[in-house]
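Take a look at this one chain, the form predicted alone, written out in C-alpha cells.
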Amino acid sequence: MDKKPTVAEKVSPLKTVQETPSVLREPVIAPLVTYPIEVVVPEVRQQTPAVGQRATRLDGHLHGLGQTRYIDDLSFPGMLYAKIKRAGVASARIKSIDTKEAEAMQGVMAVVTGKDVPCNSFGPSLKDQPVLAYERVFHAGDGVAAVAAVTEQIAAEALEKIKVDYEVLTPVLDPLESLKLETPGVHAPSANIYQSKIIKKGDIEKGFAASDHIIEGHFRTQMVEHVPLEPHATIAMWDPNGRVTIYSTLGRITLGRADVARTLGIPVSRIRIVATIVGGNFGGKNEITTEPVLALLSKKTGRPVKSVFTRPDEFIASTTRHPLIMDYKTGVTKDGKIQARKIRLVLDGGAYCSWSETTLGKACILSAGPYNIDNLYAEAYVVYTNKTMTGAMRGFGAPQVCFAYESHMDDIAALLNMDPLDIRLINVFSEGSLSPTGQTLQSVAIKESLLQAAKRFGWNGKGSADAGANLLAEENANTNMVRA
C-alpha cells in the first residue's frame, strides 16, 4: 500500500512551486498588445443612413404637451425672488449707493452691491466685466444693486428705493470715434482697440495695378438681440456644507462654474451648476449673468433665490450680435476675374469684451468670401463703446461679412453688366483652392450648389445657367486630366 504523504510534504514550498501551472506564474500586468484599428472613411458626399430619416426627439412629447419644466416652473421651500437695479446711464462714476430705505422695507430679505462681491470681474477672455458695477458704469444695462424679497413685486419696488449718485460722463457711442487714437479710452488707461487681426496674401498693390476696374463699397450692420422665448433665469441655494447649487439657463456650464468660482472666491468643487432645459439660446447664454449675484443673496439670506430676466432686461443687460462697419475695395478684370481685394472691419464690442476676440477672428478670416483671390489684405479691429455689450450669436461674425461681400459682388456684377451668377461661377472656390489663411479646401461643391439652386429657382439673369454648367464641365475635365 502506498504511503500517505505527511502534512509537511503537502505544504512543501519547493514542491508547490514545481507543481504550479505556468499560467499562474505569469506577471500580473500583461504586456500591451497592439490591435489593428481600421479607420472607416465615408465616401465623399454620400449620405449617412440617418440623413433624411424621421427621428423622434426625446423631449418632443413633453414639449408637445406643454409639460416641460423650465427654471420659471421650479420652486423650492422658502424661495425668494431677486431683481437687479440697472444704471440707466451709459457712462458715469458712481459717487455713492444708498440702500438703507430698500433694506428697511417689509418683505425685503437682503440687498447686495458691488462691494459685496469677493472678486468683482469676469469674462470668457478678458476679465473686464463687473458682476455689479461699484465705482464705474460703462453702459446703461450695468447692474448696480440687487434685492431679494419674498415676492417679485416687493423686490421691484425696493429697487426704486435704492439711491445712486452718479457723476455722468460723456459716452463713446460711435465705434469709428472709438477707433481714433485721440479718443479717451472707455476702459482707461486701456486702449479702445483691444483686439485686431490682419491677413495678407500675395501683393495687393500689384493686384490692383493689374485690374481693369476698382470698385469700393461701404456696409454696416446693426445690433441684434437673440430674443429667446425663455429669458435668462437662475436659482441659487446653499447647503450646510458650504456648497452652492445653481440652476441656470447657461449653455456652457463648465465655463460658468469657473467664472462663479472666481467671482465668489471659492473652489470650483463647491459649485454645482444644473443645466436645465433651455428655451432658446442662439449663443446668447454662453456666459454668466446673475449667477454670482443670486449666490451672494442666497448665502446672505440662507434661502433659495430665483431671478428671471424681464424682456427689457434681455435687451439692455444681455449680449447682442456685433454691429460691423465694413469697407471693401476690389479690383477686377473686364471679364469679372477678381485680381485684388482690400477689406477693413470695425467691430463694435460694446462695453465689455465677452466673445469679441473669437468673433473678430472668424469675421476677418471669412471676410473675403468663398472666392479665389490671389492678392488680399484684410484688417479687423474690435473697439469698446458705452453701449450694450456684444457677444456670441449664431455665426460668430460670419453673417455680417457675408452680407457685405455678397452685396459687393452684386455691385461689381452690375458695374460690369454681368449676370450675378456668372461672376460668382468665375471666382468661387473649387476643389483644392486655398483659403485666405492658406488652408487647402477639400470636398468643395460651391459651383454645383449654385447651379442646382439656379435651376430649381428658374434663374433667368443676364447670363444663363447653361453657360455656367459648361464652365463647370470644362473645369472638371481639366481637373480629371491633371489627376490622371
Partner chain sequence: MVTVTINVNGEKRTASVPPETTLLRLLRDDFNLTGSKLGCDVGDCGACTVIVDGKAVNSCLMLAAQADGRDVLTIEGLATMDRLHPIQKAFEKYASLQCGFCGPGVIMSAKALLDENPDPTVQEIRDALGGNLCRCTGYVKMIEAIQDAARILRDEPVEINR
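Positions refer to the first chain, counted from 1. Nothing here was measured: the structure is a model prediction, and the numbers come from that model.
We do not show the form predicted in complex with its partner chain, though everything after this point is about it.
Its partner chain in the predicted bound form is approached by Leu65, whose closest heavy atom lies within 4.5 angstroms of it.
Although the partner is absent here, Ile215 sits far enough away that none of its heavy atoms falls within 4.5 Å of its partner chain in the predicted bound form. In the predicted bound form, no heavy atom of Gly123 sits within 4.5 Å of its partner chain. None of the heavy atoms of Tyr134 is located within 4.5 Å of its partner chain in the predicted bound form.
Of the listed positions (Tyr166, Phe208, Phe219, Phe282), a single one reaches within 4.5 angstroms of its partner chain by any non-hydrogen atom in the predicted bound form, namely Phe282. The contact with its partner chain in the predicted bound form, taken as any heavy atom within 4.5 Å, belongs to Arg311 out of Lys200, Lys95, Arg311, Lys100. Residues of just one listed stretch (452-460, 53-61, 411-419, 437-445) have heavy atoms within 4.5 Å of its partner chain in the predicted bound form: 53-61. The partner is not shown here, but in the predicted bound form the stretch 134-154 reaches within 4.5 angstroms of its partner chain through a heavy atom at Glu152, Gln153.
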